[in-house]
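Okay, so here's just one chain, in structure tokens, the form predicted on its own.
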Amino acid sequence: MKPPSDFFERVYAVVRRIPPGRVTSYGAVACAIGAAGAARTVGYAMNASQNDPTVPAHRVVNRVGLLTGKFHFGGLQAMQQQLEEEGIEIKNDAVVHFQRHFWDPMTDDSEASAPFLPHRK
């Protein structure tokens, strides 16, 4: 097996900082490592981290809070269960109150931040 790339290691460093009970998006992680537009590659990194318990990949969701990575957790409900154990409500494969639970790696604070959140009409 090929070792993770430096890109993957930078992704993992950000993801390890996500506090329990919070989520971030693939795009936010990409921006935080200076790779805006590489959200899909962040997803590949999350998939590759399956055997590393130090990487809380379950806390990374898509830009609107959908559990798009749930197929990579060894069971369709595993990602949801891990998030629910941290106090995050999931409904229809999406984080309920996504903005409230969103963690912005660029500010590393506990408040949701607008730059990575979807605009709703």
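Start at 1 with the first residue shown and count on from there. Everything numeric in this text was worked out from a predicted model, so none of it was measured.
One more form of this protein should be noted, the form predicted together with the DNA, which is absent from this view; the next part is about it.
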ask   = Can any non-hydrogen atom of N62 be found within 4.5 angstroms of the DNA in the predicted complex?
value = yes
query = N47: heavy atom within 4.5 Å of the DNA in the predicted complex?
reply = yes
inquiry  = Given that the DNA is not shown alongside this chain, does T68 nevertheless sit within 4.5 Å of it in the predicted complex, heavy atom to heavy atom?
reply    = yes
inquiry  = Is it the case that G37, even though its partner is missing from this view, gets within 4.5 Å of the DNA in the predicted complex, heavy atoms only?
reply    = yes
key: Non-hydrogen atom within 4.5 Å of the DNA in the predicted complex for each of G21, Q80 and W103   = no
remark   = Residues in 15-38 that come within 4.5 Å of the DNA in the predicted complex by at least one heavy atom, in order, are S25, Y26, G27, G37, A38
